[in-house]
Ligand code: ADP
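Only one chain comes next, encoded as structure tokens, the form predicted on its own.
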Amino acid sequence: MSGYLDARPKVGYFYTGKKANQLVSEVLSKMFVKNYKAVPVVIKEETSVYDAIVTMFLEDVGTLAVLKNKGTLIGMVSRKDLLKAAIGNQNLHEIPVSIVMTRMPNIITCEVNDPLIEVANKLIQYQIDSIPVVRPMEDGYEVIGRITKTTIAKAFVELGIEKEV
């Protein structure tokens, strides 16, 4: 069951030759975004920066997906984006979030059938906290979930916890 030994009829048990990192790699390659994605937290592009800050704190998230009226992903807004806007001493009730967000196509996305390890690598490579899980549409992407650093940590902790069979 651990992968170090294999069994064949009329032959018996034998050493597979696999190393520990190969076995872990096999397990990780079988973990997909669809099994770990969280519910997305979204706002509309005309939402004020103040309302975006309130939504972010009420939902306890670090990134919000910004959608057009049709539900198409047009941007992402992070804590850092909102902090930059707040430091300017402007009226946050009047500034739309579309002014401070990161716009498409500069957004890294993933799909439900992507391996979780690849998405974790994207989080590290691009130094971001969250990746929207999207479904392609005719005029863009529909947001159907999100993967965060916390999601990745929970998945890896789950690997380490021994489960009863």
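Start at 1 and count along the sequence shown; that's the residue number. All figures in this text were calculated on a predicted structure; none of them were measured in a lab.
Quick note: we don't show the form predicted in complex with this ligand, though the next part is all about it.
Chemist: Is the gap between residue 102 and this ligand in the predicted bound form 4.5 Å or less for some heavy atom pair?
Modeler: Taking the distances in the predicted bound form, the answer for residue 102 is yes, it comes within 4.5 Å of this ligand.
Chemist: So, residue 108 and this ligand: in the predicted bound form, are they within 4.5 Å at any heavy atom pair?
Modeler: Contact with this ligand, yes.
Chemist: Spell out, yes or no, whether the shortest heavy atom distance between residue 131 and this ligand in the predicted bound form is within 4.5 Å.
Modeler: It does: once this ligand is placed as it appears in the predicted bound form, residue 131 has a heavy atom within 4.5 Å of it.
Chemist: Is the gap between residue 72 and this ligand in the predicted bound form 4.5 Å or less for some heavy atom pair?
Modeler: Outside the cut-off, so no.
Chemist: Select, from the options 134-142, 120-128, 47-55, 28-36, the stretch whose residues sit within 4.5 angstroms of this ligand in the predicted bound form by heavy atom distance.
Modeler: The contacting stretch is 120-128.
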